[in-house]
Structures are given as structure tokens and as C-alpha cells.
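Just one chain is shown here, as C-alpha cells, and it is the form predicted on its own.
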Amino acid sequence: MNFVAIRIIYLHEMGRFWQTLGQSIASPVISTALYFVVFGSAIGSRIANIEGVSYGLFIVPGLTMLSVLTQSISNASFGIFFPKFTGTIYEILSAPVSFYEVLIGFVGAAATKSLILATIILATASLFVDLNIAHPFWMLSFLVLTCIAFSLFGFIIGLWADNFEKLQIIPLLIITPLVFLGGSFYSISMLPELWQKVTLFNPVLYLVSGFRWSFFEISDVSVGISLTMIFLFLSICIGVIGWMFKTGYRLKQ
């Protein structure tokens, strides 16, 4: 394992984050505050609680997941797309570095950025509600696994995209709607029976449900199923990336 190469790629990617630290911090803080004003106050005043949890508290895991998923994809996709755009990707491909080492460097940095943002969001949320975490270990585990899994997915998007517009298509048209429809701001038990069954096909539901369980010990689906879905998604992403590097798909054109 070439740890020097991994370290260089990781530090290079993290360098871009530190250069825009003010913007990186301001964005999640403002967004979190706005969500609490809109959802916590406007909607929360009409919903007393959900399964014994106040609505303001209930939306914290979903709000965190919304930012984590979008930021993980955005950070990882841009991280690998920019070297493709500038042509420096060929230096990486010609270097004695395996695709696993490249993957660890880029995805590790993207996941780290998302974890920092998640911490900022949770800290901001604690200013609005009395936040208590029932299972800190499992909360951190779900958070880390989700950051890694969706950073891998973002890495795939970055390899696939051949222009800046394509970097935004999947996050905007697919991921964001799935997050909003995946029980981020409500329990699927509040839906009609038909839509409850339809929502079970939404993969984001399992991420949000497991993450919410770590806070309040309530979930829409089994925690074991949530973990299985995360590991399955993570494994598929690694397999797809391995195939893309092996065949040179969108890399050697």
C-alpha cells in the first residue's frame, strides 16, 4: 500500500476545503437555521410530536442526512472530475499507484469534509433543540458509513461526467428528491398504506431510518436492514469503480 500517494492525494483535496473554510461553514449553518425556521416552527407548530419525539428534534437526523448525502456526492464528484477536466488525471493513471490508493485518497477526503459539515450541522441544531443521542457509537457508525458510501457514489459520477452540467444532474434530479421522499422530515407511518410500500423502494429511507434510531430509538425499518443496505450499496460502488478503472471507462478517452 502506497501510503505516501494516499497522503498526497488526501491533503491536496483537503487543501481546497480549508481554502474556502468560511463558505464551507457558513452554508450549512445558514441552511440548518432556515430549515428549523421553516420546518421546525411553521410545520412543527402543527405537529405536536412524532412517536413521542418533538418535531424539531425529529427532523435533526433527516436534516443531517440531507446535507451529508449531497455534500458527499458533490465533494467526491468534483474531486475526481477536476483532474479529468484539466488533464492531470493522466499523471495519476501513469503513476505507480493502484486504483484502491487513488480511491482511498479522494474518497477519504470527501468523506472527511462531509463528516466536518455533519458535525457543524449537529452543533447548529443543538442551538435550537435539546439534542440527546441515545447511541453515540451507532450514530457515528451510520454517519461514517453513509459519508463513505455516497462519496464512492459521487466518485462514480465524477468519472462518468464529461462536463460540469452532468455533475449536477443526478444530485439535483435524483438524490435530493429521494432524500425528501425518504422520511427525512416525517415518518412513513404518516403516509397512506400504498405510499408506505412505495417508500420502501427508496434506498435513502434505510439510511435516514437507521440514523434516526441512533438518536431516538425509533425507526421506520429494522436497524439490521438499514446496515445491510448501506454495506450493499458501498460494495456495489466499489465494484463499479474497480470496473471503470480496469476498463478505462471515461478515463482513457
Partner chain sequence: MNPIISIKDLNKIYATGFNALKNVNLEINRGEIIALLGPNGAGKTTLISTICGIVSPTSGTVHVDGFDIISDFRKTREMIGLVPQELTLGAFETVWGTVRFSRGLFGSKRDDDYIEKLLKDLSLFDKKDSEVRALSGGMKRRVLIAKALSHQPKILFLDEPTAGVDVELRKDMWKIIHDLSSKGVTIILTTHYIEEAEEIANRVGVMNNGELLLVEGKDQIMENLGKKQLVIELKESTKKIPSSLEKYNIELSQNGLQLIYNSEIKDGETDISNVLIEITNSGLLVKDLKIEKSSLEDIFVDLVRVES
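Residue numbers count along the first chain shown, from 1. What you are looking at is a predicted structure, and each value in this text was computed from that prediction instead of being measured.
Keep in mind the form predicted in complex with the partner chain is missing from the figure; the text below concerns it.
Go through S98, S141, T112, T176 and name the one with a heavy atom inside 4.5 Å of the partner chain in the predicted complex.
Looking at the other structure, the residue within range turns out to be S98.
When the partner chain is placed as it is in the predicted complex, which of 117-125, 153-161, 84-92, 133-141 ends up with heavy atoms within 4.5 Å of it?
Heavy-atom contact with the partner occurs in 84-92.
In the predicted complex, does each residue in the set N2, A5 and H12 place a non-hydrogen atom within 4.5 angstroms of the partner chain?
Spot residues vs the partner chain: full contact, yes.
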